[in-house]
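Encoded as structure tokens, the following chain is the form predicted on its own, with no partner shown.
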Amino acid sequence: MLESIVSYGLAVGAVYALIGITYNVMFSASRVFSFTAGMLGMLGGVLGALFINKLGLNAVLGFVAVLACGAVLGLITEVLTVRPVLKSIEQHLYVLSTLAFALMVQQLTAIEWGTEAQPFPRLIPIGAGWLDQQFWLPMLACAVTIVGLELLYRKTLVGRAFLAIAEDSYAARALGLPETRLRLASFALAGVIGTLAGFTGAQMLLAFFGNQSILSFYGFIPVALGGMGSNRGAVIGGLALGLFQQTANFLVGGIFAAVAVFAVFIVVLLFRPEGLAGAAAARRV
């Protein structure tokens, strides 16, 4: 029982953490909280099952194709739903533009794919129990992602340009940094991370269009708990959320588990509005 709670909790928590990182990567370059992160996670599972099960691609080619589709969708999101809003005075309209795009893609997926959850193919037939791929694959993807982002941001010029845009976009533009191209690159990177979350977690979550709303809501919680823009905080918040959710499922189950998750979420934000890993913003007076 304990092994099941820990293994499943850490695995699903890693998926939530990856969706939280997707939110952060898009937000850091645009200051737009895009509601397409859950859509990308949903498509990671659906497209993976489509490419491997129905089109007959092997696991490696299917994986690469899914990530490529995620990058393209990230670019489309920036061009269609974010860039026009950033030019508008009413910039909060991104709430409607990104949400409308995500819902449109979800409905198109339901029409073309169906409304029933479908199984996801086994990629690496190794072991059983906690050695099963559905448990360690999301955790491996989360670890590789957070290490890769740290190396990108700290060791490369492009990564430092991303940090400069995130810190002060006006100053970055004044220094001649190509803000538009960097924002496009960040949304493409977010698309890759979001579909990676859905692909590696689809053994647990199945290929299902309804995963979009689940990933959107539960992927936001690690961002809020960890602090907006903190990828490390998103990982900590995601893993903690997964463990708590599975414990609540075992103890109370059903809708009461979801109530317990959101109750703890609200209590934490009441005492730490900036998140567990966030720093309180200084305000000039």
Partner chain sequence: MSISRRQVLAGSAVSAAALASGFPAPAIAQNEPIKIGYLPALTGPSSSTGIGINRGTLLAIEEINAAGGIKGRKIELVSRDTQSDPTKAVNAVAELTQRQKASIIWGPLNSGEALAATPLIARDKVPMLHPCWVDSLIDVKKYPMAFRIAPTNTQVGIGANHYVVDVLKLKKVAVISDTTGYGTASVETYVPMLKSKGAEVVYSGHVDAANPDLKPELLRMRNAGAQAIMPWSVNAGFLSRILNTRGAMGWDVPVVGQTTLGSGQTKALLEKPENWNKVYSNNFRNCCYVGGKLPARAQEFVDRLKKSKIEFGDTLLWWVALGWDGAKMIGDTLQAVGPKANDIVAYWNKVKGWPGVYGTVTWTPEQHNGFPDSEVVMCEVNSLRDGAFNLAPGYSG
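Residue numbers count along the first chain shown, from 1. Note that the coordinates shown come from a computational prediction; the quantities given were computed from them, not determined experimentally.
Omitted here: the form predicted together with the partner chain. The next part is about that form.
Colleague: Would you check whether the partner chain, in the predicted complex, lies within 4.5 angstroms of a non-hydrogen atom from each of 116, 206 and 254?
Modeller: Affirmative, all three are within 4.5 Å.
Colleague: Counting only heavy atoms and a 4.5 Å cutoff, which of 176 to 184, 141 to 149, 69 to 77, 116 to 124 contacts the partner chain in the predicted complex?
Modeller: Stretch 116 to 124 is the one.
Colleague: How about residue 216 - does it come within 4.5 Å of the partner chain in the predicted complex, if we only consider non-hydrogen atoms?
Modeller: Contact check for residue 216: no, nothing within 4.5 Å of the partner chain in the predicted complex.
Colleague: I'd like to know whether residue 12 contacts the partner chain in the predicted complex, with contact meaning heavy atoms within 4.5 angstroms.
Modeller: Yes, contact at 4.5 Å.
Colleague: Using a 4.5 Å heavy atom cut-off, state whether residue 220 contacts the partner chain in the predicted complex.
Modeller: No, no contact at 4.5 Å.
Colleague: State yes or no: in the predicted complex, is some non-hydrogen atom of residue 246 no more than 4.5 angstroms from a non-hydrogen atom of the partner chain?
Modeller: Result yes; residue 246 sits at the interface with the partner chain in the predicted complex.
Colleague: If you look in the predicted complex, which residues in 1 to 16 sit within 4.5 Å of the partner chain (heavy atoms)?
Modeller: 4, 8, 12 sit within 4.5 Å of the partner.
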